[in-house]
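First comes one chain, alone, set out as structure tokens in the form predicted alone.
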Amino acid sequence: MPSNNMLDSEKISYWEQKTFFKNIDYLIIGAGIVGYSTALHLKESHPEAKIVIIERGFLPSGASSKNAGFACFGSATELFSDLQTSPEDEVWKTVSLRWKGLQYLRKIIGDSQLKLEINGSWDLITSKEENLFELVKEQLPYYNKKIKAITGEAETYTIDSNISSKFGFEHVKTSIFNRLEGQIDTASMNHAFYKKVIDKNIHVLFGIEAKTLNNNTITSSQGEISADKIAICTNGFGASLIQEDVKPARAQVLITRPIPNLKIKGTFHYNEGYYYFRNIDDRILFGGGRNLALEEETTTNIANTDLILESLKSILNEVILPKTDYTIDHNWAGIMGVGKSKQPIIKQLDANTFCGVRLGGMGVAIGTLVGKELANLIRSVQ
């Protein structure tokens, strides 16, 4: 049986201790896609189990509710880059995981709750990428063959040379179109996950930060909390709790105010994927620029920097909205988890502790499946 918890805070009543902090079967750290999915799948097989999810922020603090809402599995230029540096079977395994993960997310949450739109995505090619474009272009028939084996869909990637005239871009020579990628409403997705876990009598407690981990007990901002089993689902934040190949990667994002008669529709990758943007509610949501300061962006500090925000604004002015009046409405940052491999870490750390981290910037695509696999791993060792 789980140990009784020794909470330091005198603000916790007997009733709160009894209901939320004692006799926990499964304690899940992180109220994001992976944490919610892990909890739901554990509840399926253990309906009587007491499951508690804790989250450091008053809202999810990682990438799950801070992301750009891309439902993507791999641009052509990303595939080309990955195939130069990673074993081929690993690259296609990663793409397959992303595709299957997106289909599973659609099954679990539903297209209407995701507010899913399949408008396609474009790799934007400037004069700087023309040599890369010629190399990738030669590989498109092969990529289409491999993607068809995964998705059952033919001719996923095509050349779209009319991209600039279609959307009003400047300094863009051509593009590679992926017709299967789409976009979601991140907040709607997270709210749907939250409602599902609450409906299953899973407790979600915000404002509790896990600081250290020792066997089946964590030291948190509210004191010690113990459980039979602990699952770390904090992605980039996991680096502070476990010794694995995962490190934080900050992503900075801005959004414009509504733009009348906005023609841009879809998701877009720019500068070899270091920048990305999309339409949402007649606005442009634009993020990226980590390549400008990779060391500084390896942080869990949720903040924006002038260097990257100015870079985003410059590209908006010169490339994306060169002849359009617009105003920046808001900006924010989120924390991803990355490592040497793009494969997630789903692992048992000791007899009582497990982790599902390193989503590699693809949490929307793979997070739900990672949660399912993590729950299966936890069940298998009981």
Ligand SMILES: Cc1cc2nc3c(=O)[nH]c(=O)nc-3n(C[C@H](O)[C@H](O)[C@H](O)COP(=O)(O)OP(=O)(O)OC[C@H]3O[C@@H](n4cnc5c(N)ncnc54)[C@H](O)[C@@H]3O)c2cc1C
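In case it trips you up, residue 1 is the first one in the sequence shown, and so on. On a predicted model such as this, the values are computed, not experimentally measured, just so you know.
Omitted here: the form predicted together with the named molecule. The next part is about that form.
- Taking non-hydrogen atoms only, Phe354 never approaches the named molecule to within 4.5 angstroms in the model of the complex.
- Contact annotation: Glu209 falls within 4.5 Å of the named molecule in the model of the complex, judged by heavy atom distances.
- Residue contact with the named molecule in the model of the complex: Lys66 places a heavy atom within 4.5 Å of it.
- Although the partner is absent here, Tyr26 lies well away from the named molecule in the model of the complex, with no heavy atom inside 4.5 Å.
- For the marked spot (Glu55, Cys233 and Gly361), a heavy atom within 4.5 Å of the named molecule in the model of the complex is present in each of the three residues.
- In plain terms, the part of the chain that comes close to the named molecule in the model of the complex, with a heavy atom within 4.5 Å, is 201-209 out of 81-89, 111-119, 201-209, 144-152.
- Comment: the named molecule is not present in this chain, but in the model of the complex one of Met336, Leu316, Ile346, Ile51 has a heavy atom within 4.5 Å of it, namely Met336.
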